[in-house]
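This document opens with one chain alone, in structure tokens, the form predicted on its own.
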Amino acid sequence: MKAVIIVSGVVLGLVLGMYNGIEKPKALWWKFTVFFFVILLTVLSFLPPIAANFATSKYLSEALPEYNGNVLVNIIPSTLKFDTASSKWVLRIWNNVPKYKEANLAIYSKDLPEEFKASASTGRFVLKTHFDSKKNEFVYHSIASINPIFTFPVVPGLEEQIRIMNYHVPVAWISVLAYLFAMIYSISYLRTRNMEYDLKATAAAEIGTIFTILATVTGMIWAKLNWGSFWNWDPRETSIFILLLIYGAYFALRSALENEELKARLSSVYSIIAFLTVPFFVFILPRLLTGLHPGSVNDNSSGPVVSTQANTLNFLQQITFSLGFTSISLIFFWMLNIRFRMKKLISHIY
């Protein structure tokens, strides 16, 4: 189901984006549709908390760094009892990792005794706890429900940073799509010698480079939050840097030639060859080498997008992620339409 939802967003973006081509100005209804999708994506990406409310969401974000309940905590069975006076459970948790002492800790419902879960009757939840320095134990504070309809899942190690995925992955996808369009238009130019195809190819390559830069920037933000620094020379970071150099050379080639026909012919050949490197640097090389990015050869989790583990992405996050593909695709096609018409106007003037 997750794959169907995500692919549906990609297909919808492509169908609406290519509607009526890129030669004519976009209709007013089409522009309103783009604004609607972008606004909806923004609201769904930033509004829902990762727990029942924003206070709990903030607590979980601070309390779950690299948390593995099966390793870090143990319930003290003798403390498991219900206090009728306070209407709360008496529960203490022993933690054997020093770096988590003197801090809050959140514990998933799956790591709790069945007796507690049966009595709590709140579905899926986590325990809020606080550290008792006198007893050297974590003491139960309250229950926090997680993953109701309008929340994102709690993903240990990512927490609130998972929101950037709704932009980072679609932007990276569009950079590949743009370079693909540049290659297709380049082939069309070599077959027909129609200069409009050269203008389209150049416009697609320009916008593809913009989206590649955006993918790099959003990836750097992700890297800083999750890996500790903006740039780590991870294989995927290195490959996208090389890709920018390859297409930077494409624009250098065009700027070095004054004859329009020669420029179009040579840059079309270069664009075709350049795109052959795109699948290798984006999809193949990062998966052959050891790296920090999800999908590397040493990665067991495969990342939240392709992970088959339950609740890695809940239904709302799947919808939002799919909407990201639709929205960013429509923005790309709108930019491509405007850029091509600008180039066509300038070429007619001169």
Partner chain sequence: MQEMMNQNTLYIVMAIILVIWFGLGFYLFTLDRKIKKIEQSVNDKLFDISDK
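Rigid core: the largest C-alpha set superposing within 1.5 Å between the two forms. Positions refer to the first chain, counted from 1. Quick caveat: nothing in here was measured; it's all calculated off a predicted structure.
Although not depicted, the form predicted in complex with its partner chain is the subject of the following passage.
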- Item | Heavy atom of residue 137 within 4.5 Å of its partner chain in the predicted complex | no
- Item | Partner contact for residue 196 in the predicted complex: its partner chain, 4.5 angstroms, heavy atom | no
- Classify residue 167 as contacting or not contacting its partner chain in the predicted complex by the rule of any non-hydrogen atom within 4.5 angstroms, answering yes or no. yes
- Message: Please determine whether residue 12 contacts its partner chain in the predicted complex, using a 4.5 Å cut-off between heavy atoms.
- Response: no
- All three of 42, 331 and 342 touching its partner chain in the predicted complex at 4.5 Å, heavy atom to heavy atom? yes
- Just one of 314-322, 287-295, 30-38, 51-59 has residues with a heavy atom within 4.5 Å of its partner chain in the predicted complex, so point it out. 30-38
- Yes/no, residue 51 Cα shift of 2 Å or more between this form and the one not shown with rigid core fixed: yes
